[in-house]
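Read the single chain below, which is given as structure tokens and is the form predicted on its own.
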């Protein structure tokens, strides 16, 4: 099984179009220590010819252009794509907006929880995905499904929150339900490889820790380095916890939470443009490496 990192950044990408923080200024100045990243998404294949996308980033057209594996075969028909399916982990804009790039009467299967499918159905713009071609398949938690031959995915609930644009301020949990945010266990049914993809997670609770114990690979939410990062930088008023994301550092952060789980390969994905770990030569990136973590980057390919 091959995993292609299409995008490693959080919503807005890196640099974000209207962000003028120190990180984004370094990208625009051409500093090689701050490589640009598109918005979070991965692609998975068994045979290199048929691919499943996990989340559809707003940058999907750019990502397809940067990865020939996802482009039509030059010897193929007039309309063609190796993208056979798309699996959504939530209804966040940075995970669903890319579906609008896939609207040209192209057949593929779209998998999401009923809650996310209802969100798509309630917004008429997603009707551009012609149901004659695009089949919307509901995901049941803890029930395996196969979006590609040889690829088995099991979705499971992770602590999180409803998408920002769906929040209900009259409710204590902002209207969040169990299947608003999910993680994916992705398995190669023939080769035996498996990994976890969890681009959004609010905390490491005991059930999640037990599930991830001794996993060969986890791609995990790396949105913020510190919980108050958005507040300190002046770019927001919400903590990471309020946004539904664990921070990397700190006693309740991801590095500490994974320390005793025995996960063999740990990789952060979905980094916000404020995160100092985006500096490949910075102290924060060095600290993550020392703790046994990698940071995903656009174009990275992993073979299991």
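Positions refer to the first chain, counted from 1. These numbers were taken from a predicted model, which means no experiment stands behind them.
Keep in mind that the form predicted together with another copy of the chain is missing from the display, and what follows is about it.
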- Message: So another copy of the chain isn't shown here. In the predicted bound form, which residue out of 101, 136, 152, 194 has a non-hydrogen atom within 4.5 Å of it?
- Response: 101
- Name the residue from 264, 49, 252, 61 that puts a heavy atom within 4.5 Å of another copy of the chain in the predicted bound form. 61
- Task: Look up in the predicted bound form whether residue 11 has a non-hydrogen atom within 4.5 angstroms of another copy of the chain, and give yes or no.
- Result: yes
- Item | 4.5 Å heavy atom contact, residue 93 and another copy of the chain in the predicted bound form | yes
- Message: Taking another copy of the chain as it sits in the predicted bound form, is residue 206 near enough to touch it, meaning that at least one heavy atom pair lies within 4.5 angstroms?
- Response: no
- Non-hydrogen atom contact residue 213 with another copy of the chain in the predicted bound form at 4.5 angstroms: no
- Note on the structure: Of the candidate stretches 275 to 283, 41 to 49, 256 to 264, 22 to 30, the one with residues having heavy atoms within 4.5 Å of another copy of the chain in the predicted bound form is 22 to 30
